[in-house]
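For reference, the chain that follows is the form predicted alone, supplied as structure tokens.
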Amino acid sequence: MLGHVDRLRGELVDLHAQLVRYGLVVWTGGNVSARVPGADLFLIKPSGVLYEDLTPASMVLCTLDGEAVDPSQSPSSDTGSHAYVYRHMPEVAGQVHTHSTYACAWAARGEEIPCVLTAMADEFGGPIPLGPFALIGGEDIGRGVVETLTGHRSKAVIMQNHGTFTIGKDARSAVKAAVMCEDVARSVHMARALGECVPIPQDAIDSLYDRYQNVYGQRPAPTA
């Protein structure tokens, strides 16, 4: 287990830097977490620490009850919600939360992002749904994430009046979903400023999603 923890600590530093690189976070807001394989534990960003000051050692190891293993460390204020998601969605091994500008604009309006771009169909398999308003600090946000994304193709949810939460098979996948969510949030916002958006037919969304998820990209070479 220690090998997994050490590896994930380093990965999380790199992935938090990606949030900065893609302009998804400011100051100390936002976080990435990763489930520890084979253990009821996860790692998450420490509370109130600047991104440039993050180190592998600063990542906080937590139980699935949302408690820091080392009580001298203070994990993110979203820790309880991350823990709730990990407990109720065992297939999820990484999560991201950001207050990225355009996704937050949709959150402030209380609207899902309609599927009007092929990139949305590819990555999210339909619209990016709107989750309920919930206060920060407990499990309520996590409960809203689980209720909204269970049975949904999307790996991203826009939480009303708040921001983006994404899930993935690992932390890197969740970061990718956060990057793509902000990208389409910006594009669709700009399109709506010009007029009505043209929806993509459901059969085309299904076809695009299947191609991207099952055909697009490189495949491992067959073993001899």
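Here the structure is a predicted model, which is why all the values come from computation and not from measurement. Residues carry their position along the shown sequence, with the first being 1.
FYI, the form predicted in complex with another copy of the chain isn't displayed, but the following is about it.
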Would G195 count as touching another copy of the chain in the predicted bound form under a 4.5 Å heavy atom rule?
yes
Check V49 for me: does it contact another copy of the chain in the predicted bound form (non-hydrogen atoms, 4.5 angstroms)?
yes
With a cut-off of 4.5 Å between heavy atoms, is K169 one of the residues that contacts another copy of the chain in the predicted bound form?
no
Interface membership of V13, another copy of the chain in the predicted bound form, 4.5 Å heavy atom rule:
no
Within 4.5 Å of another copy of the chain in the predicted bound form: residues from 65-90 (heavy atom criterion):
P71, S72, Q73, S74, S77
